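Heads up, the chain below is alone and in the form predicted on its own; it's given as structure tokens.
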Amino acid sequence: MAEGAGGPCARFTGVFDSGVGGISVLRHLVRELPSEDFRFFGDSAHAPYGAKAPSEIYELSCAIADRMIADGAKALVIACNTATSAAAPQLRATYPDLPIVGVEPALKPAVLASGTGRILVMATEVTLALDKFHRLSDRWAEGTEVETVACNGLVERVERGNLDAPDVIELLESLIGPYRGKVDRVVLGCTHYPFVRRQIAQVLGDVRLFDGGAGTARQLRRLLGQGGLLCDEDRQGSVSFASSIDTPGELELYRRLFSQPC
């Protein structure tokens, strides 16, 4: 779907992330809901959120959400695991009548999938530290060996683009190389990480990768349907991009990542 394509719809769904990572979720949203209009905002000037204090993540997320709602958003997707953990409950309390969908590490489908080895969860420091992840782990990972690794530096590297450069593999080797042959399922607990799926598989070998984008898209469809907010299915939706780094090069990176296959 090209940026700006499509006719009118009642209102748009706002999608935001700390940077480019949420575009991996946006691709699932467009695939699931091709008739909808989406506006994506990446806060690349403040990326990564995963190394910030939860209070700062909350303030940044609320400022973005407030702007989108003021512009007429009919729903919000927090396309960031860290921001979902830090800000989703408060945003839902502030806007109780607005459909708000977050993302979370896809630990449940990874646990339910067949496998013989341990599960590796790749995420940011904040995501792994907050109660939301621990509750998720307590609920679904009982009796399953789960390893976690805080992938410091990986978000920043994805934000720079050029993901086929040798230093991407070098960074992944340092972060997850020790788990090669020791895990068979990997949870991509940050929306930036699906953009380096191929590189992660190159480092770890024969593993299954799980991310929460498809589940987020299904949940948005359900909530829009419940609220009578779905656009007519016979129209072509639109996608637009904005960034806190408002340069042609940054927006071109957004469009290029969006055009990659899911």
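Remember, it's a predicted structure, so these values are computed and weren't measured experimentally. We number the residues from 1 along the sequence you see.
Separately, the form predicted in complex with D-glutamic acid (DGL) exists; it is not shown, and the next lines address it.
Asks: Exactly one stretch in 124-132, 176-184, 139-147, 111-119 has heavy atoms within 4.5 Å of D-glutamic acid (DGL) in the predicted bound form; which is it?
Replies: Answer to the contact question: 124-132.
Asks: Consider the chain as shown here, without its partner, and state which of Leu91, Leu107, Val155, Ala75 has a heavy atom within 4.5 Å of D-glutamic acid (DGL) in the predicted bound form.
Replies: Only one listed residue qualifies here, and that residue is Val155.
Asks: Give a yes/no on whether Cys190 approaches D-glutamic acid (DGL) to within 4.5 Å in the predicted bound form, heavy atoms considered.
Replies: It does: once D-glutamic acid (DGL) is placed as it appears in the predicted bound form, Cys190 has a heavy atom within 4.5 Å of it.
Asks: At 4.5 Å between heavy atoms, is Gly212 in contact with D-glutamic acid (DGL) in the predicted bound form?
Replies: It does not: once D-glutamic acid (DGL) is placed as it appears in the predicted bound form, Gly212 has no heavy atom within 4.5 Å of it.
Asks: Should Tyr49 be counted as a contact of D-glutamic acid (DGL) in the predicted bound form, where contact means heavy atoms within 4.5 Å?
Replies: Judged by the heavy-atom cut-off of 4.5 Å, Tyr49 is in contact with D-glutamic acid (DGL) in the predicted bound form.
Asks: Listed by sequence position, which residues of 69-93 have a non-hydrogen atom within 4.5 angstroms of D-glutamic acid (DGL) in the predicted bound form?
Replies: If the 4.5 Å heavy-atom criterion is applied to D-glutamic acid (DGL) in the predicted bound form, 69-93 yields Cys80, Asn81, Thr82.
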